[in-house]
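One chain comes next, on its own, written out as structure tokens in the form predicted alone.
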Amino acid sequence: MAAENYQADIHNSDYEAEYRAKKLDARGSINIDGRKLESLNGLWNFAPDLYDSCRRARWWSACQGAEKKAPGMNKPESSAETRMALSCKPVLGSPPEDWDFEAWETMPVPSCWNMERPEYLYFEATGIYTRTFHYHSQKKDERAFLFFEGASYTASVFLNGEYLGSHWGASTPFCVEITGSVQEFNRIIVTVDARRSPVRIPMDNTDWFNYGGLYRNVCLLRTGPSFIKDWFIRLVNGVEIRADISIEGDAAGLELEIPELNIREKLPVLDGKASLTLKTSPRLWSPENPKLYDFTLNLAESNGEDGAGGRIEDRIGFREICTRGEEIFLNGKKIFLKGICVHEDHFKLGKTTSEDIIRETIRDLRELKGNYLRLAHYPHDRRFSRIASEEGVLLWEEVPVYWAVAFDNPETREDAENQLAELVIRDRNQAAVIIWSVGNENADTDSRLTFMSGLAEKARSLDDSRLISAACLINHEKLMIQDRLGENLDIIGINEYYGWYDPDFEKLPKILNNSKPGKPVVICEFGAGARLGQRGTVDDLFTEDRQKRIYEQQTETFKTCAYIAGTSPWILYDFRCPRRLNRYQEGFNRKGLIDADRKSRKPAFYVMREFYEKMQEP
């Protein structure tokens, strides 16, 4: 009798084990650059699921797909016929009567739910997204994939009553094949869990806002039975290309064409791999001349025809980045990284962004006379690296191994490595990206050293054509740069706030004089807070006057240190942060050189601009 009365959704505390067992990760990554995609953005039905009932009670298993197309199939409808056509077939254990998709509110995709309803501002639990879509194959033996560019933080995907898999990580892309599950009319359900956790990447204690939701694009990708899964084109003793091909049936031939370089070459495909190195000398990409070449990759099927999804048309830039001693060289020329940090945070959209916002950010960097951006503290929208490559902006990209993550937890390390792999695979064809960063402000413990040196090794295994860095540590007793992780890095990043968190500014020149890093150092954070319009003396907290004074002290000190190869003050814009609660911050970190309105400049902005403007290129 006890077994007959058992209700798993009530009594099974480890219900998530079912979902952990089927992971969507970098092993299934598909490069979507240069492909034809079908957007699934728009209004989805949405409901907060504070008890995670959709997964706990397996609500999704009752949704076997729609039997016919109803009018307005992606709009909320009130008719019983429409709801019947689009909702779930009744099965044993089906959801309760209060589950009524078309009666749920709508939520834009992409968006952060925090910004769509006042009551969701601090909502940190699971939200259920659902919509229908219509599908007809366009070619024989067509394959279909759902692609998600960002879901914060854990996303579980269900289609027509089938569980497809779960992804961990708010800011990296993932996809899942639906070829065997997609029907003419389809019901997709995605649960997105935004809870913070000490074993996640990032952990539960951060210094930015925890936005939730399907906040980046969702799309459908169609391919033929064989298709180009990924490729990596770079400059190594000429132009080198490596490609991964998903092969079904007979082997296919791959052709690379770069018309402007007179390249048209066939690559042999063996066991799904293709590679070739060509002796050629392209014009090199740089901030002054962001040269991009049109290229085509074409995968022909065994009958000689182009396969669906087998033709890629995109643009690529070629450049070299390296270090020698304590200096950074771009295309053989010494370069100083004149930059600033930026969060993916917008006063209206949260972490959701647009091409216009990205280009406005780059225009503000140009006004600052900068050439580089540190995209903190997680992977930003994939469009950023593409636009930066077009515009000639250098990028530092990083994964959110931030503060005291669970370095001893194997699942945490797996999460970090996967997010790093998904980022590198996504952006390694973008000339703008010159630095992969593996962490920020982590205590120098043995477990941290093992964890993060492993990440550095992972990044190099995926892409050894870029530099590896991290925000490292200062020994505050010896007053010197000292961090064991530095041995595993190409560039040592340093965050320091002398004059602000530590008011004794004189420590900074002592630290710089005492240190002999033997590698380039980028001061990847420094600065001070200021409320826009707040005036006072240089000793008053959160005044524009004090922020300006600290920037003057910092920049004058940097001029005296030869091994500093770049700076990126914290931060370009004020951003939302719930731990910042004093009268001047009111839920925002006010260290921005520009207010949260992204328009109003503070006086320190012009101090930094003058520093960059007067700096002579080596």
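When you see a residue number, it is the position in the sequence shown, counting from 1. Please read these numbers as outputs of a predicted model, since none were measured by experiment.
Unshown form predicted in complex with alpha-D-glucopyranuronic acid; subsequent notes refer to it.
Q: Have a look at 126-134, 381-389, 436-444, 363-371 and name the one stretch with heavy atoms inside 4.5 Å of alpha-D-glucopyranuronic acid in the predicted complex.
A: One stretch meets the cut-off, namely 436-444.
Q: Should Phe407 be counted as a contact of alpha-D-glucopyranuronic acid in the predicted complex, where contact means heavy atoms within 4.5 Å?
A: It does not: once alpha-D-glucopyranuronic acid is placed as it appears in the predicted complex, Phe407 has no heavy atom within 4.5 Å of it.
Q: Please run the contact check for His377 against alpha-D-glucopyranuronic acid in the predicted complex: heavy atoms, 4.5 angstroms, yes or no?
A: Yes - in the predicted complex, heavy atoms of His377 and alpha-D-glucopyranuronic acid come within 4.5 Å of each other.
Q: Report yes if any heavy atom of Glu417 sits within 4.5 Å of a heavy atom of alpha-D-glucopyranuronic acid in the predicted complex; otherwise report no.
A: Although alpha-D-glucopyranuronic acid is absent here, Glu417 would stay clear of it in the predicted complex, with no heavy atoms inside 4.5 Å.
Q: Taking alpha-D-glucopyranuronic acid as it sits in the predicted complex, is Tyr402 in contact with it (heavy atom to heavy atom, 4.5 Å or less)?
A: Close contact exists here: in the predicted complex, Tyr402 approaches alpha-D-glucopyranuronic acid to within 4.5 Å, heavy atoms only.
Q: So which of Tyr497, Trp104, Phe347, Phe542 reaches within 4.5 angstroms of alpha-D-glucopyranuronic acid in the predicted complex, heavy atom to heavy atom?
A: Selected option: Tyr497.
Q: To verify the annotation, which of these, Glu525, Asp427, Glu149, Asp490, has a non-hydrogen atom within 4.5 Å of alpha-D-glucopyranuronic acid in the predicted complex?
A: Selected option: Glu525.
Q: Select from 562-581 the residues with a non-hydrogen atom within 4.5 Å of alpha-D-glucopyranuronic acid in the predicted complex and write them out in sequence order.
A: Residues within 4.5 Å: Trp570, Phe575, Arg580.
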